[in-house]
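For reference, the chain that follows is the form predicted alone, supplied as structure tokens.
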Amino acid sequence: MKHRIVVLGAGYAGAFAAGNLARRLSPADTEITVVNAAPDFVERMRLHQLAIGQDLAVRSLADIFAGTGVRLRLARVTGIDTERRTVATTGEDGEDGLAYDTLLYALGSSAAHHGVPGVAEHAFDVTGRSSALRLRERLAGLGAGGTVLVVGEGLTGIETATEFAESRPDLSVALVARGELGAWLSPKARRHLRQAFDRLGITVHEHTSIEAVEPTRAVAADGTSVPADVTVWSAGFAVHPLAAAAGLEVAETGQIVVDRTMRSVSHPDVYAAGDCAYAIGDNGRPLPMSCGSAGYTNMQATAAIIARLTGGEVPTTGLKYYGNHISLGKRDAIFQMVDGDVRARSWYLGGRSAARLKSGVLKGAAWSIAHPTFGMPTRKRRLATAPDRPGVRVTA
């Protein structure tokens, strides 16, 4: 019997993990299935560019996994039965079930509304392709002098505001920050960021909390009204409650609690990677929801799965951040180095050099997804067998 590995989600974590598993495990022993709702790979780090009208290359998942042995099922995950080890899905062919021996949960995240009234009805976001296209259509119909308000001073908010302001100088772009803009950057990098905002004409509302979103404005906690023909919500991420509903142990955030190898602490046949994993980094703190974390966690999860199935020693991959890349339009960026406690170092790289570095990172990530079996070994690893049950593949 083949060992059935099911990967839920084909984002940065899931797609890369599936390709890595296919590259290193023998198809004679394993059957790898990826479940994803959309037919194409989504470059989430570039969705703000898609929203402002730029065209991104579309990479079909069917083409990406062609020839790898990975099976692709286009469907939405509706439930997980951890007792029977099955996944419930719904797609064009209706409802269906999928059995697994090892499950890799990599369903990512969506925009966190934080219960703020009006966000779901009136705000836009760039956390998914469909939502970015919806925003794209709205912005295309917004004439000169229109107002765009970006809520959130994190990486997504900064990149969205600067890209919009540079691409559409006819619009009035503003950003709302709960604290000080760029407070987590080094002093020099913070000045660079402010200079970029000034150059692009972006208005910043610091120390402001939005308590409601309406069709043409956002309302701050102190009652101040901030005009906004379009409100873009980038105030954090949230995970789907599916894992909690399945009985997996989750953190307060809803993320799956995992050990150092990305294995669920409550269900040993389940692993998690990406935004949905509550993983502790090398500095003793939870990893943030980010593309960087998706890379770290999926590499650790796949290494652990392969080692345990083939009878090898489980390795530990690094879970340490070295810095953050922040695009400030097409020709400007910041690369901020951080220490072991994720505090900004005094050194940073800015300007065109940082922009070229960020472009290289984006292209590298996209290329690695599009070539999932690059460097495929001529001899793949076979699974170990349980000595007391001949012919049955080990699962732990």
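Heads up: residue numbers just count along the shown sequence, starting at 1. For clarity, every value in this text was computed on a predicted model and none was experimentally measured.
Below: the form predicted together with a small molecule, not depicted.
Only one segment in the set 339-347, 43-51, 25-33, 62-70 has any non-hydrogen atom within 4.5 angstroms of the small molecule in the predicted complex, and it is 43-51. Residue contact with the small molecule in the predicted complex: residue 156 places a heavy atom within 4.5 Å of it. Mapping the unseen interface onto this chain, residue 261 falls outside it, with no heavy atom inside 4.5 Å of the small molecule in the predicted complex. Contact between residue 289 and the small molecule in the predicted complex is found at the 4.5 Å heavy atom cutoff. Although the partner is absent here, residue 357 lies well away from the small molecule in the predicted complex, with no heavy atom inside 4.5 Å. Of the candidates 148, 256, 176, 107, 107 is the one whose heavy atoms come within 4.5 Å of the small molecule in the predicted complex; the others do not.
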